[in-house]
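Heads up, the chain below is alone and in the form predicted on its own; it's given as structure tokens.
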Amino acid sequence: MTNNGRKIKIQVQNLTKRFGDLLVLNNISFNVYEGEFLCIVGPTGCGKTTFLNVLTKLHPATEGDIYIDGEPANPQKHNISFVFQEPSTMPWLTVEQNIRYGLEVKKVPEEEIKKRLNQVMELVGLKDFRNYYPRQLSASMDQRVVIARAFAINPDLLLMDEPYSQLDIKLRYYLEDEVIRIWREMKRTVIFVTHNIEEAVYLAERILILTPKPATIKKEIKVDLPRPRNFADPEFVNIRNQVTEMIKWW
């Protein structure tokens, strides 16, 4: 099965997660296509972060299956990269060492590490800061290090959990544009979780809207707008309003 000529990259089938008697995710099924930028939105506390944790196998699924390229998802085999809400650079490592870290864990050959480091630092504008420590960087540059580290391992799947929620609005807009630019350059598959509806419409090719707990998929909305997107575009406003109403009225 394809979408705009793209094959299925991720298959989520009947995914259910319980913590004791608490049902958080209820029989969720969907596909993510190769190179797609998918956003997931939903009301506060609906289980968005739990959903990502199950995808990465940080939490085991109670029921259901996740496949990457037709095989059961396995973090030891597949490159699954995660960008968290909180700052996650390692303060005792330089910019270059932070970005190298995942490549070294994956035992990538040194020649390939150097090649990827140069490519990704060029992309995110950090080449002149490779020997700096996180404490010497601005908040936006620190988050660029995290994004560079995530993309450097050539992830099969990049998961982003409200990565800009703690930044002011100007920095957030800047980094949204940055991640779209890098995604288009590197052609990775991204699932981006956010509670910010405008952010979802700005970033996504497709939006999945979750219900309150126990979470299921309420609606899927395709966002077929040119980039860079204009917040004042009537179609942008229309899609934003559609998503808002679906989260607001249950």
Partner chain sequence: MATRIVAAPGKIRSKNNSLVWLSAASLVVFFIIWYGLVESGIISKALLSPPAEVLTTFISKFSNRAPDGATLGAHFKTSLTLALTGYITAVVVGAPLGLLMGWYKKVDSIVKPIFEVIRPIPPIAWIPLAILWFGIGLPAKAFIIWLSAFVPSVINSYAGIKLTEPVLINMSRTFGATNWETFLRVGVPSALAMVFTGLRLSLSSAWMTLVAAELLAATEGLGYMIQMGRTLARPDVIIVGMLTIGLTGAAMAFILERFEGKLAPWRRS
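Numbering follows the first chain given and starts at 1. Just so it is clear, the model here is predicted, and its values are computed rather than measured.
If you look for the form predicted together with its partner chain, you will not find it shown, but the lines that follow are about it.
Heavy atoms of Ser88 reach within 4.5 Å of its partner chain in the predicted complex, making it an interface residue.
With a 4.5 Å cutoff on heavy atoms, Ile217 does not count as touching its partner chain in the predicted complex; it lies far away. Its partner chain is not shown here, and in the predicted complex it never comes within 4.5 Å of any heavy atom of Glu111. Its partner chain is not drawn, but in the predicted complex it has a heavy atom within 4.5 Å of Thr56. Annotated contacts: Ser81, Val105 and Arg135 all touch its partner chain in the predicted complex [non-hydrogen atom within 4.5 angstroms].
This chain is displayed alone, yet in the predicted complex one of Ala73, Leu175, Met121, Ile153 has a heavy atom within 4.5 Å of its partner chain; that residue is Ile153.
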